[in-house]
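Form predicted alone, single chain, as structure tokens, below.
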């Protein structure tokens, strides 16, 4: 997926994923309790939620639907690929999945776990 437009789409989804994970961590009662025991208070949750909405508005609606569907099953909906291995499920990808020949309008997903893939170069 070296196409510039695809890379931009994946970057937006990756930013959204990072914010989603930060919100989940901030809302987790065990994490919140540990932070408070150490003398920290979690602040900025509303800012994170506002940032999430900002990024959601910047993502293509079709990509957002795919992301939301996958994120319900996997906290990390977007995962890297290294040496043709999906780093979400650690399964080898078939040779038919090739970023050089992929349709730039369609996000590539792992056939095993369904996560959105991006290639490390």
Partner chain sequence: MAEPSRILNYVDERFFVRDLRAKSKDGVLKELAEYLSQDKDVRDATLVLEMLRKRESLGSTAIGSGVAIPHGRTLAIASIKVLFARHQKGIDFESPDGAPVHLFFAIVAPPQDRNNEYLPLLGTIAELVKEKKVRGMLMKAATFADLRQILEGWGDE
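In this text, rigid core is short for the largest set of C-alphas that superpose within 1.5 Å between two forms. For clarity, every value in this text was computed on a predicted model and none was experimentally measured. Numbering follows the first chain given and starts at 1.
Unshown form predicted together with its partner chain; subsequent notes refer to it.
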### Task
Identify which of 57, 95, 41, 29 has a heavy atom within 4.5 Å of its partner chain in the model of the complex; exactly one of them does.
41
### Query
So, in the model of the complex, is residue 91 in contact with its partner chain at a 4.5 angstroms heavy atom limit?
no
### Query
Closest heavy atom of residue 78 to its partner chain in the model of the complex, within 4.5 Å or not?
yes
### Message
Taking its partner chain as it sits in the model of the complex, is residue 18 near enough to touch it, meaning that at least one heavy atom pair lies within 4.5 angstroms?
### Response
yes
### Message
Taking its partner chain as it sits in the model of the complex, is residue 69 near enough to touch it, meaning that at least one heavy atom pair lies within 4.5 angstroms?
### Response
no
### Query
With both forms fit on the core, is the shift of the CA atom of residue 35 between the shown form and the other one 2 Å or larger?
yes
